[in-house]
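The chain below stands alone and is given in structure tokens; this is the form predicted on its own.
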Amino acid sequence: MHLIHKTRVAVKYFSIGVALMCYSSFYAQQPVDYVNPMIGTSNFGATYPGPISPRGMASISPFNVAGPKNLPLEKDSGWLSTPYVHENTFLTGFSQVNLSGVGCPELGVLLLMPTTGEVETNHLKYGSTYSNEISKAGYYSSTIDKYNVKAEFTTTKRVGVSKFTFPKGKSNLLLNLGLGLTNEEGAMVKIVSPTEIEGVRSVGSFCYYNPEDAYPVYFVAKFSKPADDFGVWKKPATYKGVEAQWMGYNGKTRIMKNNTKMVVGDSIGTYFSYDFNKPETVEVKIGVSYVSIENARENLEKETQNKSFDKVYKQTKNEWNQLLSRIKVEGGSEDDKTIFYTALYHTLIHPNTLNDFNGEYPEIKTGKIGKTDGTRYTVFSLWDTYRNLHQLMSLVYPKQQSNMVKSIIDMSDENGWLPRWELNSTETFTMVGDPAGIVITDTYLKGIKDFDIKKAYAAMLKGADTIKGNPLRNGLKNYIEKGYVTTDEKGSVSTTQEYNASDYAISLLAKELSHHKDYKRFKKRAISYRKLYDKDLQLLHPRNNDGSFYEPFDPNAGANFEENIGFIEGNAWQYAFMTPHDIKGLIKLMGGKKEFTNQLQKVFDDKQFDMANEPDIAYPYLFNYIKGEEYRSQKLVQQLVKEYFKNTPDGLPGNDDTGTMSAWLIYSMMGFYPITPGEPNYTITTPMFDKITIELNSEYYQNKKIVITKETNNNDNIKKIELNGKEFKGYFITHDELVNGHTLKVIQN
């Protein structure tokens, strides 16, 4: 080849390379493009692959957990808390309101299902396999195999938008109000016209608690094409005896054609039928509300009127991208970015919006309708989220976090008590402890102060000091007098530790507000777990009412969510170090730094560490408290991320707990963690990206952004940390130092 030809070829390929670089830069993947909602749909992650807008009220999920074809992961065969399981194959519709990453069955109702041919109302008969699933942030589609129907879905904040492409011939859209994930029954439906349905479905009894607090979800459905034929079905209970002899419809489904009257029952639904002479598309918009049918209709009209499916999806995708872009990561693999941005996506689902477009929402307990100018949030799984999720919101989405705290305070006004595990304005009282005050303190001490702190502080004191009729703190009398909850109460050691954590938060806030007596009192109460310490075992040991240690005691009992004396969802090992506010005190109890390190390492060596649950979630970071042992934290965190978080349906270690596991991952990949709930501090480990840029909200923070970088040399251990170009001593950084700094650099050996 002649030299001149080589030069021309080089120039040609250089030009192509530049063009490709420009093209790839122009069309570079945005954070939203990395979201894979399939992550967590297996291994009991309890996420779903269907669309939701950020913090949305409406969400759509394929519902594949009903019927024997889905055994063993079928909703009535076990404790199944999700409308979709990746391994299952039999679809019975698409639910319009759902929960993500929770541990108990609830919602998963208003099932919309396309079919063809004659109308069939039995979900076990009209159900189908499905294929060609596509799942993105704000979008889901699949093919319903039995009917050759393409189903596509997107959402606004309060409206689910569906698009079905039918083949030529008779087609149907079924709205099943009997089937659902909830434990509750009962619905009302009315066909308003050949293009509109309105109704209500009863839901509630989360974790089988408080069935008397069942509540309604209202809906209005509008169809883009008028039905050629429509009707309502109702299947009554089966009666026996004399009455049954007269009931021609006993236990049989009644089809009420062209019915426009209100129909009430447990197993009811509607059908809209079409006779297409060519392939056709029908769009369905379903607005929901927890206040009224009128509000559901207004939500639908205000959010989706005159908007096509594609326009709604584009808006929702853009909203997701704006929020996800608050954190930009560079370096790492494509899978690293996918698990990171999917985790961030999962943290932006709950707490979610409760108020309607007009600001109205149902108050907790009172039965009244409240109104807000901001956002009234709901789904506060606080036993989980107080540990890391709300800290992440304060840092990256402080306006949302402010509204969450305002919602919590308003609930205490309405209910008389701060919430523990609130769901759609019902208090489920799931789990133990009094965690809301920790979230309030943590938020306030991070400089987010645009809420009524005096009212919040008074509510925190009420929960901490009221002995009689206190729904938040069982066993409080013994806790105050003895320093611990006794074995008379469920999970006595765990509960003591949870009260300690809450009391420590109260002490921090009391100090900030110059309530010096309260500060001293609650600081002392916060370390009372020490009275449960068993020097022989080097573990916390439940005590009886007479002060004796409970026997026989097996420190290993309680793993894998088994019930045991003393602990909630864990055992003595998984709670041994759940005292992040008093690690120095625990080191002393254990006999010094070496003994502390050995005992902590033993948790991991003996496989007692449970990545799938909250009590020990901060353990990998605790080696940072011992000088010279910090490398253990760096190594452990990276190992755990690699082992438990993947770009696959089973890519979560278990239940996402409304984003708590995802928040752990986000922090771990960014290289710092909020080690002590309530305290505005972080501990540092190795970032898993070359560069991380966190955008800050100017309403709350002076700096525009934080930039975290990593310099990698021969091995993974951290050699030096620099803040704003100057060496930073130690592995702990305050919130103020972080947000007021510009660059944090981690240099490895």
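From a predicted model like this one, the values you see are computed outputs, not experimental measurements. When you see a residue number, it is the position in the sequence shown, counting from 1.
Omitted here: the form predicted together with another copy of the chain. The next part is about that form.
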Handout entry: F728, V739 and K745 each touching another copy of the chain in the model of the complex (heavy atom, 4.5 Å)
Key = no
Fill in the blank from the handout: The stretch from 646-654, 533-541, 183-191, 672-680 that lies within 4.5 Å of another copy of the chain in the model of the complex, judged by heavy atoms, is 183-191
Exercise for the section: Although another copy of the chain is absent from this view, report whether K517 comes within 4.5 Å of it in the model of the complex, heavy atoms only. Expected result: no
Problem - Contact of P620 with another copy of the chain in the model of the complex (heavy atom, 4.5 Å) - result: no
Handout entry: N258: touches another copy of the chain in the model of the complex, heavy atom cutoff 4.5 angstroms
Key = yes
Problem - another copy of the chain contact in the model of the complex: Y218, any heavy atom under 4.5 Å - result: yes
Practice task
Note which of P211, P72, G547, G592 lies within 4.5 Å of another copy of the chain in the model of the complex, where distance is taken over heavy atoms; exactly one does.
Solution key: P211
Practice task
Could you work out which of N122, S77, S308, T143 is the residue within 4.5 angstroms of another copy of the chain in the model of the complex, going by heavy atoms?
Solution key: S77
Exercise for the section: Would you mind checking 229-250 for residues with a heavy atom within 4.5 Å of another copy of the chain in the model of the complex? Expected result: K234, A237, Y239, V242, E243, W246, M247, Y249
